[in-house]
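The chain below stands alone and is given as structure tokens, in the form predicted on its own.
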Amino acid sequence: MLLYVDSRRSKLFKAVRGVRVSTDKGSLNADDVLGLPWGSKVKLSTGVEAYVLKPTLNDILMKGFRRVTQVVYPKDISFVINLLSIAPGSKVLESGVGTGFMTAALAYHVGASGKVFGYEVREDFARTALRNLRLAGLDDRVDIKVRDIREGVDESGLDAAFLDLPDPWEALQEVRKALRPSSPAVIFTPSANQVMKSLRALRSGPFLDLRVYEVILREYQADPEALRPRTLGVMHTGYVVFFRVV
């Protein structure tokens, strides 16, 4: 459940009998909210009013996932999902699972009939990602292998690929083997040097429709009397390199 106090105070928690949820505005016993419909108003121990809301995927990612790596932010995730044309039933390759933010988003969109095949070189990262995916109820849609993608991909005939690697240009041929001809793929990388190396490799291989993007999102203060951009925001997070395999 999401306990919402105000725009600065919301907390994700599992409603289990005996659990007590604490905020700087007061606390709440989980027993008091079990069985309540979503959107119910409750009172904290201090008398402050709060609401019990159904968490969105974004709530679970941002407030519930344990982070062990840098993550792909929602502003980039949504754009990549659109570029890759992910839909129910899609079979997607991912390399560089890390914390599992992108994995969860892919799993959410492929639906129960789709599958995400993740490759992660570090076993501890893979364990954390699976823990996070279980929290989101999406672990049954994901198959994570602890392996370097450059050693080979077991799957073939996949619909799309997402690479979040320090050297994605080294994995391009394995991606090509795994995807159906004409399928889209995306490289996500933080530095311009990595983009340039990726582009050189893509231009020398059987890849088409190369595009490079950067997503900048600016949030506004939601006050009708003082509408203005928020003082702090997330600007550069990474470059999105799109291409198709042939």
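One rule holds for the numbers: they count along the sequence shown, beginning at 1. Source: prediction; values computed, not measured.
One more form of this protein exists, namely the form predicted together with a further copy of the same chain; it is left out here, but the text below deals with it.
Chemist: With a 4.5 Å heavy atom cut-off, would you call Thr46 a contact of a further copy of the same chain in the predicted bound form?
Modeler: Thr46: no, not in contact with a further copy of the same chain in the predicted bound form.
Chemist: Report whether the minimum heavy atom distance between Gly157 and a further copy of the same chain in the predicted bound form is within 4.5 Å.
Modeler: Outside the cut-off, so no.
Chemist: Answer for Lys14 alone: is it within 4.5 Å of a further copy of the same chain in the predicted bound form, judged on heavy atom distances?
Modeler: Although a further copy of the same chain is absent here, Lys14 would stay clear of it in the predicted bound form, with no heavy atoms inside 4.5 Å.
Chemist: For Met1, is any heavy atom within 4.5 Å of a further copy of the same chain in the predicted bound form, or not?
Modeler: No, Met1 sits far enough from a further copy of the same chain in the predicted bound form that none of its heavy atoms falls within 4.5 Å.
Chemist: Among 74-82, 142-150, 168-176, 123-131, which stretch has residues whose heavy atoms lie within 4.5 Å of a further copy of the same chain in the predicted bound form?
Modeler: Only one stretch passes the 4.5 Å heavy-atom test: 74-82.
Chemist: Does anything in 204-235 come within 4.5 Å of a further copy of the same chain in the predicted bound form by heavy atoms, and if so which residues, in order?
Modeler: Residues within 4.5 Å: Leu208, Asp209, Leu210, Arg211, Val212, Tyr213, Glu214, Val215, Ile216, Leu217, Arg218, Glu219, Tyr220, Ala222, Asp223, Pro224, Glu225, Ala226, Leu227, Arg228, Pro229, Arg230, Thr231, Leu232, Gly233, Val234, Met235.
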